[in-house]
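In the block that follows, a single chain appears as structure tokens, in the form predicted alone.
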């Protein structure tokens, strides 16, 4: 089968690899129809969080079931399904509690497994023609009869919309809240959408990319351009000097200042400043345990200098961690099906698998208009 594989920093290619296949009775095999390039795939692409050379990338996967193992009873050949980026067993202590991002069965190295991602169990990714899905009955979310017509919307269910929703859950967004989201990439835009769906009174999004700010404005979110460094003041101005009730961090450790320098603690400390006393912060941007290429000694060890004093004095709270997609994807699917949300408004490009390497180049360069890319093998 054809697959997009990692060869080294900024070097990915489409090549022939062995076909994915059913290996265990609980497996499901799907033909990939849509697989997205994620912002966290860029950490791999840039070599900051590298895969083993030759591994297939891709954890945002949607497709059609073409084969099931003998022990699969719910999912059938022909079903259209969304695949959470988390791989869960469904029966360990964490999966039973809904914490499928921290499954204890699928990765001998640490809690949690994922497709095509470093240190997450060695599972091949889905930027390919076929994908093996372990524990298929548990991990496949069946899509309704409009699965083909709304495929671009449903493709957001594998990761970025549940992750954006998770950010608002961690921050405990309530109806009537004011919310500020740092980062206007796909996850940040999904967090802004999620806050609106939850009934937030005011949603602001901080970024400096004009195309991202324009997308936020299209759904009634207040764009905050941080290119001149006045973004915290702007947020305070929009909230009568109090700060937002809730904040979401959707950038991660590769945050940059307007001059292009990496500042790993930038967005977290800005959130402490721009969220009001007793407010909540949800962190869904990726922070790795270590980064040997980090800009300072702290970040090389997976640490940052955090404004703990102000955070404590303001009585704020914070939740962190990757999204447990299965806790949210069924309900979010139904919002799409019922026409209550259309997350594909952020999609800028539909490309073939063969065009994937070029898509990575443009998305990594943050070229204007390249806001979300879906590959169709």
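Note that the structure is a prediction, hence the values are computed from the model and not measured. Numbering follows the first chain given and starts at 1.
Missing here is the form predicted in complex with a further copy of the same chain; even so, the following discussion is about that form.
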Just one of 207-215, 193-201, 227-235, 179-187 has residues with a heavy atom within 4.5 Å of a further copy of the same chain in the model of the complex, so point it out.
193-201
Given that a further copy of the same chain is not shown alongside this chain, does residue 288 nevertheless sit within 4.5 Å of it in the model of the complex, heavy atom to heavy atom?
yes
4.5 Å heavy atom contact, residue 52 to a further copy of the same chain in the model of the complex
no
Any non-hydrogen atom of residue 80 within 4.5 angstroms of a further copy of the same chain in the model of the complex
no
So in the model of the complex, is a further copy of the same chain close enough to residue 148 to count as touching (4.5 Å, heavy atoms)?
no
Which listed residue (242, 296, 129, 262) meets the criterion of a heavy atom within 4.5 Å of a further copy of the same chain in the model of the complex?
242
Candidate from 143, 272, 99, 157 lying within 4.5 Å of a further copy of the same chain in the model of the complex - any heavy atom:
99
Non-hydrogen atom within 4.5 Å of a further copy of the same chain in the model of the complex for each of 92, 110 and 338:
yes
Going by heavy atoms, what in 314-333 lies within 4.5 angstroms of a further copy of the same chain in the model of the complex?
314, 315, 316, 317, 318, 319, 320, 321, 322, 326, 327, 330, 331
